[in-house]
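The chain below stands alone and is given as structure tokens, in the form predicted on its own.
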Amino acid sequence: MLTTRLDLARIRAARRDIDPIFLDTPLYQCDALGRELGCTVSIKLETANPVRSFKARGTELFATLLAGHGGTAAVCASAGNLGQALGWSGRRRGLDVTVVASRRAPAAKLDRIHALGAELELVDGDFEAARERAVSIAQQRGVRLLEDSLDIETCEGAATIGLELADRAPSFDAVLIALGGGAMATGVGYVLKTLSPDVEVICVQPLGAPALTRSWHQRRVVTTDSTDTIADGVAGRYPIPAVLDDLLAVADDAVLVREASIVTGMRMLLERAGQVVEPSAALGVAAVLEDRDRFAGRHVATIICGSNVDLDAYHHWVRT
């Protein structure tokens, strides 16, 4: 039995609190992409919802519990997607939502946070600076702080993706999961290792933001002084110890990929699957590109986790 913070019964129950619009996202075998990569590839489209990422699965749980206990406000730090998701879930439940983000976050993500009615505060520095400011706001205002990956709702919300994959898992040899703070990797990994233990769970992170991958390999928290990647959604520097413990229990491997492979993966998803994705969503494809022999002849599934991308930057990347 796996020893983690997650619970399968709670994950199954979570489906009742998550708006069905975020559940049962498309999952299909993409033959054109598979022919290009030399293996069978299925893609799970977590972009097919109002906030264009998987994050709302977790914020739906969080906002339901907060409102149910009489809470009226919440604050989070976000690279962009979590803020949109919390704005969407909070607005539906009458919560006042504040999102703290880096000024360097993609403008498209910041604009959508505004559009959802959340208060947006920008800080200099990276995501870690935003996280420090969010903690300060929560203390000053006496409101609930949502910490992605640390708050179990974010992990167990994401874990409902695993339930949907597990229904088809006998056909998969491996599932490739983008690794940032760890909510999706620990959630999906936990469900798969509980229900379909033969499926290999492989986490993928950019070489320019390697903190949690290095931590997994060294079995201790490893921090970095900076990040350097276009995959802003997974660019953390300080892994959370409890999340690392969960990840060690459910991940079979954690790999790092180069920026050039991420860009190629984005281009291939556009040309072979018709999907405009943000860099984090192409990490699984990048992992296959960098180790074709490992995946040759196998059936891999990869989670397309977000499509909130700045179009000017996107056009530059895919045309380079």
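Numbering starts at 1 and follows the sequence shown. Predicted, not measured: the structure shown is a model, and the values here were computed from it.
This protein has a second form, the form predicted together with a further copy of the same chain, left out of what is shown; the following refers to that one.
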Open item on the list: in the model of the complex, does each of 167, 237 and 243 have a heavy atom within 4.5 Å of a further copy of the same chain?
Closed with: no
Task: Proximity to a further copy of the same chain in the model of the complex, single hit among 141, 104, 217, 91 (heavy atom within 4.5 Å) - done: 91
Open item on the list: By the heavy atom within 4.5 Å rule, which residue out of 115, 248, 122, 195 makes contact with a further copy of the same chain in the model of the complex?
Closed with: 115
- [ ] Pick the stretch from 65-73, 265-273, 251-259, 282-290 whose residues have a heavy atom within 4.5 Å of a further copy of the same chain in the model of the complex.
- [x] 265-273
Task: Distance check, residue 40 to a further copy of the same chain in the model of the complex, heavy atom within 4.5 Å - done: no
- [ ] Report whether the minimum heavy atom distance between residue 21 and a further copy of the same chain in the model of the complex is within 4.5 Å.
- [x] yes
Open item on the list: Although the partner isn't part of this model, could you tell me whether residue 315 comes within 4.5 Å of a further copy of the same chain in the model of the complex, counting any heavy atom of the residue?
Closed with: yes
Open item on the list: Given that a further copy of the same chain is not shown alongside this chain, does residue 311 nevertheless sit within 4.5 Å of it in the model of the complex, heavy atom to heavy atom?
Closed with: yes
TODO: Sequence order please: the residues of 26-41 with a heavy atom within 4.5 Å of a further copy of the same chain in the model of the complex.
DONE: 26, 27, 28, 29, 31, 35
